[in-house]
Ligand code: HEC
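Shown below, as structure tokens, is a lone chain in the form predicted alone; questions about how it binds or moves come after it.
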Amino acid sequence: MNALSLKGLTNGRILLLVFILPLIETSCQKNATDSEFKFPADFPSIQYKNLENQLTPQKIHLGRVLFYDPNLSSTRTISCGSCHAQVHGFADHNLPKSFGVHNRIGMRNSPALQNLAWNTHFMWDGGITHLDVMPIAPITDVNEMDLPLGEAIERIRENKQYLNLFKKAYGDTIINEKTVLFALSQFMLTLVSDQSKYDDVRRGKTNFNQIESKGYQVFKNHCVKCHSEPLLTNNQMEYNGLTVKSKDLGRFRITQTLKDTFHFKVPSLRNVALTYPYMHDGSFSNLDQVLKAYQTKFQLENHDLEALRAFLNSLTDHKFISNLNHAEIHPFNP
């Protein structure tokens, strides 16, 4: 899902937003209710705000089916899961930029989908401000799934096998923009990564080895301002100092404010060893290239880089990438 923003939506899509956004409540929930799924108790309070969209196993399952359904693209070949693979921490299959319908190439690197409940802005430029409307961008983007949202809804309605899933999830067979988008949000909200070795260390279950411990100190000395613990991102748009040659102006595209030029959303470092290539344009093919790029900036020695790499590897959440509740599920045929 690397669409740039909701800027430029047609009037029909704007009307959809007007329909959905008033339903979004202003209060925040620490844990989901009426659900077997719970957010980590030692994480900050979640930022997802929509009391109407309470998590239930049935809605989460429906969202999972929709997430992996390629029929929601114009060619019936691309799903959300096509560019967000579980084995890569829900980033793309190690491609700088994703391939959409008709082998069209997206504008930016597909960001990893994890811990989205703590996000207030989405996409590299932060141009989308709520998870419930975020899927509209990739579904309708010409370089990605290229399907008008209304047509996507009609395809779902035409598939009788969906009726039972919507009946279980919502108590009726009404299928519209709201129920589809809410279900997608539910599945994405469950993509929580909090079971890495790093998490075991901070919970007192184990300890870093010597080189990981040294790398953690390097991280806290130089990286933690932007990659704040425990989410390992501050969820802000920042200038990373590595984009001066880029034609992509980043956050400026949304705000038209000069100070936002070359500002991009800070990605979480969770599962960073799996989500290469890196940066908004995928310009760094491996982690060593990223570390080398920052070596001069932070005046790091080679042994510091080695230690930092070891710490970053401790952020891999093997339970997250093997969780069967997140695994690809084969949707219905059209």
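Note that residue numbering begins at 1 and tracks the sequence as displayed. Note that the structure is a prediction, hence the values are computed from the model and not measured.
There is another form of this protein, the form predicted in complex with ligand HEC, and it is not shown here; the text below is about that form.
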- Message: Within 4.5 Å of ligand HEC in the predicted complex - does that hold for a heavy atom of every one of 84, 138 and 238?
- Response: yes
- Residue among 46, 279, 307, 65 with a heavy atom within 4.5 Å of ligand HEC in the predicted complex: 279
- Task: Could you check which residue among 143, 190, 196, 179 gets a heavy atom within 4.5 Å of ligand HEC in the predicted complex?
- Result: 143
- Query: Hey, in the predicted complex, does residue 59 get a heavy atom within 4.5 angstroms of ligand HEC?
  - Reply: no
- Query: Is there a non-hydrogen atom of residue 222 within 4.5 angstroms of a non-hydrogen atom of ligand HEC in the predicted complex?
  - Reply: yes
- Decide whether residue 89 counts as a contact residue for ligand HEC in the predicted complex under a heavy atom distance cut-off of 4.5 Å. no
- Message: Whether residue 131 contacts ligand HEC in the predicted complex should be assessed with a 4.5 Å heavy atom distance threshold; does it?
- Response: yes
- Pick the stretch from 199-207, 152-160, 99-107, 166-174 whose residues have a heavy atom within 4.5 Å of ligand HEC in the predicted complex. 99-107
- Query: Which residues from 68-95 come close to ligand HEC in the predicted complex, meaning a heavy atom within 4.5 Å?
  - Reply: 78, 79, 80, 83, 84
